[in-house]
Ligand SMILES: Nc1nc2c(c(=O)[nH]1)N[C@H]1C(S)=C(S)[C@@H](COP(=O)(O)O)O[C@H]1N2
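Below you'll find only one chain, the form predicted alone, shown as structure tokens.
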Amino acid sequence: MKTKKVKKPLTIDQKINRRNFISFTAFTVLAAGAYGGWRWLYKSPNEIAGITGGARKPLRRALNKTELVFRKFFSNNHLVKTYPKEMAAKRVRVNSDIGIEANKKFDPAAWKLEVKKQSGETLNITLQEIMALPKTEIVFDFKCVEGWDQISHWAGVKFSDFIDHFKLNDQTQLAYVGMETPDKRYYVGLDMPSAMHPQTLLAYEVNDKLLPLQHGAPLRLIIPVKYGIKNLKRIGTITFSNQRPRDYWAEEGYDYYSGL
């Protein structure tokens, strides 16, 4: 009769070596998979440039699918966290001047906002008319796609109040809002639900003072439910449509929706 051979228990060194081998093997497999995925994406064809551009086709499809998920759960009850005024930065970061480079030549006193309705009718609205509407303030954590964020204090008129006052409610039945700087060099496209969100402002103040030129005087967009790339400085024109308006950074490969 054969006796069953009893296995010797592993020594501590053997256990450590075994765990190291398993960890190294798992890491190697994951790294190889990640590298293979990166190579596949890198070799994938670019999307056809249009309203969006600069991204590989699979990445753009993934971004568009992500947008559908965001849209499904988005509502006016989705509010960003707000803070007391004393927590706001005293010096608000200036991150880009695309569309507002010609600060010395720009005269805020001569500015008027052009609102182009889909019918072709155009409204020309002054800053004084906008400032006559109820003022709303917000202190929130402004987030940039580059990875930085800053609590800042802004004030202006709710975009939804602006729409009501100037009798533009019929335009909100359309899917998108487009905004551009006066020089047309910077532009964003916004889905209508985000534009009409209760925290979206046409802002003319920062830290209780009128906007300085570098922050988009005399009027800029503050849309807390989006990353900073959608918060257009110095609004020149507003349009409405059922097609995606052009968007500066979406043309460079970024996510069109850019929601938080």
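No experiment lies behind these values; they were computed from the predicted model shown. Just count from 1 along the sequence shown to find any residue number.
Omitted here: the form predicted together with this ligand. The next part is about that form.
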| item | value |
| --- | --- |
| One stretch from 163-171, 122-130, 105-113, 90-98 that, in the model of the complex, holds residues within 4.5 Å of this ligand by heavy atom | 90-98 |
| Proximity to this ligand in the model of the complex, single hit among 226, 60, 215, 197 (heavy atom within 4.5 Å) | 215 |
| 4.5 Å heavy atom contact, residue 136 to this ligand in the model of the complex | no |
| is_contact(residue 73, this ligand) in the model of the complex, heavy atom dist at most 4.5 Å | no |
| Residue 144: touches this ligand in the model of the complex, heavy atom cutoff 4.5 angstroms | yes |
| Non-hydrogen atom contact residue 232 with this ligand in the model of the complex at 4.5 angstroms | yes |
| Site test, 148, 154 and 220 vs this ligand in the model of the complex, non-hydrogen atom cutoff 4.5 Å | yes |
